[in-house]
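To begin, one chain is listed below as structure tokens, in the form predicted on its own.
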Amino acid sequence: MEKISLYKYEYACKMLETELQILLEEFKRKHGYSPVEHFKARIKSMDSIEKKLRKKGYELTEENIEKYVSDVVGVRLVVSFLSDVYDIVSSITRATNILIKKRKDYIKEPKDSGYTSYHIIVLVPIYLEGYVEYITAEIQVRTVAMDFWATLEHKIRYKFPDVIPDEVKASLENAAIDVHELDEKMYEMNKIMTKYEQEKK
């Protein structure tokens, strides 16, 4: 069996984490606050990579990982308000050290399960001896409420790996609607708070 090394992805994870930390610090300097509640970078486990490839009908090889697994490197940014999602996405898309490959707005177009988040597939440069290579990574930006729902949904899918019972599926979908409504209410409240802050100046 081919021996798989993820060292390039580890380099890319460090590069991306550093780049995003700088972007967030610059955002805070410019706007006077940091919207990010949680920031987490990770490398997908080999077991998860293999499972994803097998599901797509591919063998576990370095070439197949590069071609068919876009989230070996993953970063999740959890923000306070709905508007913060798009502010952070805007900052990321203006970054000069990472290239945007693809974007998917699951907030405007949620998955059938009710999942909502903003996904950005990026190319991260890693500087090896004598050349530069670009590694694919995934950035997820979501609100606290979205993250709460996604965490529970992940645990439920782990308990029902084959088929989620209709009753549980319906409850998840209803909870997703509640999460969206909560985010909308918190967004409106944030606009009111911002208005009062501006009036004080």
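Note that residue numbering begins at 1 and tracks the sequence as displayed. Quantities reported herein were computed from a predicted structural model and do not represent experimental measurements.
Below: the form predicted in complex with a small molecule, not depicted.
Peer 1: Counting any heavy atom within 4.5 Å as contact, can you tell me which stretch out of 78-86, 91-99, 127-135, 104-112 lines the small molecule in the model of the complex?
Peer 2: Flagged stretch: 104-112.
Peer 1: Only one of A41, L53, A150, V144 gets a heavy atom within 4.5 Å of the small molecule in the model of the complex. Which one?
Peer 2: Of the listed residues, the single hit is A150.
Peer 1: Answer for N64 alone: is it within 4.5 Å of the small molecule in the model of the complex, judged on heavy atom distances?
Peer 2: No, no contact at 4.5 Å.
Peer 1: Report whether the minimum heavy atom distance between H31 and the small molecule in the model of the complex is within 4.5 Å.
Peer 2: H31 lies outside the contact set for the small molecule.
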